[in-house]
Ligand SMILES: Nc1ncnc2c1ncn2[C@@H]1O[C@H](COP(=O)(O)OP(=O)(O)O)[C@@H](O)[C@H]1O
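First comes one chain, alone, set out as structure tokens in the form predicted on its own.
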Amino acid sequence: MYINKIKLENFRNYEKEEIEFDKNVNIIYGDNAQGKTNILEAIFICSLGKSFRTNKEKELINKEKDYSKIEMLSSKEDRNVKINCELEEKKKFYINEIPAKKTSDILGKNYIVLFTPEDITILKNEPSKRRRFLNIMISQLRPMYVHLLNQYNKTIEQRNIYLKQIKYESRPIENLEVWNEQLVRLGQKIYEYRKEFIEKINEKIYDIHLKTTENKEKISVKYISNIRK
């Protein structure tokens, strides 16, 4: 899979730009604050449905305009894929000109891995950074994983609301078991997806690292979870 072309309109500092890529190696270079990272951000949005730099979509639109558009063409095996993103009052996606019912529909259409200087925090900082990295990677391979995460987070929110109702409205505490069972069920599935992904990563990196270090070092990744079968 490789990206053929990307078109930008009113995106960040670009009014109109069309960039064609080689299917091998591409190097984007230039002075600071000229828009190099903006190109990567546009690719990221058309692959994962969101920015890796901001949660405020208004920041993606050129300051002098009230809308923004991104179009990305890619080739995957024997077919081409076109992803369009329109940013205005709401964010809209189109897959080969067909409107996407939800953002997660574009997952798996393009596979990307982004590394930035800040990614060192995956190793050095809190576990939430590592979970976020896992979530991004797994979501591209298994779109159903996104649905599970959304369900899990929604269940936690509903459970927290009910905890407040128990405290302030004297709701029966035994009903809390409904949310607990749901969290256990969803948590188990999320754990299985993550465990499977880590196992596949280990299969790849072991031989690569061994060759890189001339058979001097071995490497492995462990997924440590509170879940016990």
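The shown structure was predicted, so the numbers you read here are calculated from the model rather than taken from an experiment. A residue's number is simply how far along the shown sequence it sits, counting from 1.
The following text describes the form predicted together with the ligand, which does not appear among the structures shown.
Residue heavy atoms within 4.5 Å of the ligand in the predicted complex occur in exactly one stretch of 162-170, 179-187, 29-37, 199-207, and that stretch is 29-37. Contact with the ligand in the predicted complex holds for none of K76, N80 and Q140, as no heavy atom of theirs lies within 4.5 Å. A residue is said to contact a partner when one of its heavy atoms sits within 4.5 Å of a partner heavy atom; R53 meets this definition for the ligand in the predicted complex. Of the heavy atoms in N215, none are within 4.5 Å of the ligand in the predicted complex. Although the partner is absent here, E59 is a contact residue: one of its heavy atoms lies within 4.5 angstroms of the ligand in the predicted complex. The ligand is not drawn, but in the predicted complex it has a heavy atom within 4.5 Å of N13.
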